[in-house]
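Here's a solo chain for you in structure tokens, the form predicted alone.
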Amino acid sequence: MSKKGESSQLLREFPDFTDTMHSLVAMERIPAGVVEECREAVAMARRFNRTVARSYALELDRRMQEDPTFLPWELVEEANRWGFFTMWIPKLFGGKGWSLSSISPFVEELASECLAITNLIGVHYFGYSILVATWNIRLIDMISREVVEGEREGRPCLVSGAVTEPEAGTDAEEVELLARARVRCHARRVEGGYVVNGRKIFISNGHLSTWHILIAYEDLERPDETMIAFAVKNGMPGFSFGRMEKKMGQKGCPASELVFEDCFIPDENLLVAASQLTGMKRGARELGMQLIDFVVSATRPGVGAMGAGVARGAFELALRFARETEVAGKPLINHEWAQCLLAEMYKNAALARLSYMEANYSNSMYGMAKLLSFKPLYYYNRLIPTSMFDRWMPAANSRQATTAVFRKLVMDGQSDAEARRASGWASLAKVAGTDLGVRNCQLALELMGQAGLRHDRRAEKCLRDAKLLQIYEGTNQLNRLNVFKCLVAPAAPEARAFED
């Protein structure tokens, strides 16, 4: 059997993820059309893996090892040609308008081949999700249409999320920790805008992106109450790129330092300042936390899906090795110890998938995706061509009133209990998926022995890549605390999370 045919057979042997989706549709809580969208997204990712990622992943890893400053523009351009950077931009803003529920299965499929390539494509939507979570409709529309135009003209326009700082990484993703974080990215109010000073580090795709959604703070002593978000474009005076990190894994997706030295950001690029929001039912601190939760409730299931993908990829590598290798006169796959190990890996991959699917469901019901999961709006968005939206939405999106309506509708429309459910399940999926992904990579190496340490066998790369999943999007330690805060503590009123 050819390698290509064998790989296809392995993929068929793992249950199609839409088996899980059907159970959710049966609950009549999400539109049935989401299942078909997910199938299409997975099929597209599978074609991309077969024609692009499979032959390029090891070459890219070696190239980055030799030259850590190399920027894989050819891969960005190829993903742009496939239309990946506009698939999950709503039609309201000129994109293809795919359901947010389909991005995680798409990510899982990509990650089964290469986590670095997956992150390079998927992290664009981390930056975009911060942009959307501000509900600044004018800037969302403007930046989205630049991304769409960049796809049409063959000139990729990516968005990065600039949150992590040298002394405040995970702290910046939880409001209780943010209150005590040593943040240094300061935004000072001046006439016509703000002057920003500070650095952001470990910014995935930083050197590859055109727009950067920057989180800064007006008062460094009260960051939890004075969070402020800007849209920063390459070329703005005072903004520059620093070093690229020399990473152990996911080398193909650059991690950049962004430097702001008296960077003037005009008022027109201000996305949101929690302290300036009026007429909302929450105060500045609570609105800042809600902005964080809107983002991570959507993105952490995606990281869990990456964990599920590498768990499945490691399982497939181990299964192929067990079929091809003979030990003590019989195929390795016929040894009971190997069968038990493979069954354990299969279980891990399946559980990782189930956890992110549950988190996606929670986000659709209670998080950022809630509005677009409303069935009439979902089918309206799906069936109406983008060209019809383009006729009348740009003018409406440019009005401040549109932003005010969206913020009132979405932010005030989410209860505290709903926010806890979406955030808690997102953290659960992130922890479960990434831990199980790392475990399967370890088991694959255990089964393959010294053969697994060879670069051309891919298993050692899987483990190097997977380890990073436990660290970004909030460390797994933070996410465990968030699971406790959101899902356990409400049933135990005396319990307190994030205390000194």
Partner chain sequence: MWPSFPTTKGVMAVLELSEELRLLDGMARDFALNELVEGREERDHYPFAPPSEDLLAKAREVGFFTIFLPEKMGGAAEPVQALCLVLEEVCREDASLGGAIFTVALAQELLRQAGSEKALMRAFAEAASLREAVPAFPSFHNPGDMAPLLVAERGGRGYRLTGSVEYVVLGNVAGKALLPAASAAGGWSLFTVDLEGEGVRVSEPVLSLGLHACPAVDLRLEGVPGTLVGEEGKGQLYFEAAADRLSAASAACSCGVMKGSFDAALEYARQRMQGGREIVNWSEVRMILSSMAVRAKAAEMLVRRAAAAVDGGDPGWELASRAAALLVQEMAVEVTCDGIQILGGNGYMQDYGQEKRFRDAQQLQALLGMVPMRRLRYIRRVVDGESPWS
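Positions refer to the first chain, counted from 1. Since the model is a prediction, treat every value here as computed from it, not as a measurement.
Although it is not shown, the form predicted together with its partner chain is what the next lines describe.
Let me know the one among 248, 395, 417, 409 whose heavy atoms come within 4.5 Å of its partner chain in the predicted bound form, would you?
-> After the contact test, the surviving option is 248.
Report the residue, out of 221, 326, 77, 262, that has at least one non-hydrogen atom within 4.5 angstroms of its partner chain in the predicted bound form.
-> Filtering the options by heavy-atom distance leaves 326.
Just to confirm, residue 170 within 4.5 Å of its partner chain in the predicted bound form by heavy atoms?
-> Because a heavy atom of residue 170 falls inside 4.5 Å of its partner chain in the predicted bound form, the answer is yes.
Using heavy atoms and a 4.5 Å limit, would one call residue 281 a contact residue for its partner chain in the predicted bound form?
-> So residue 281 does not count as contacting its partner chain.
Indicate whether its partner chain has at least one heavy atom within 4.5 Å of a heavy atom of residue 43 in the predicted bound form.
-> The answer is no: residue 43 has no heavy atom within 4.5 Å of its partner chain.
Is the gap between residue 36 and its partner chain in the predicted bound form 4.5 Å or less for some heavy atom pair?
-> It does not: once its partner chain is placed as it appears in the predicted bound form, residue 36 has no heavy atom within 4.5 Å of it.
Just one of 159-167, 120-128, 143-151, 288-296 has heavy atoms within 4.5 Å of its partner chain in the predicted bound form; which?
-> Result for this chain: 159-167.
Which residues in 64-82 have a heavy atom within 4.5 Å of its partner chain in the predicted bound form?
-> Residues within 4.5 Å: 65, 66.
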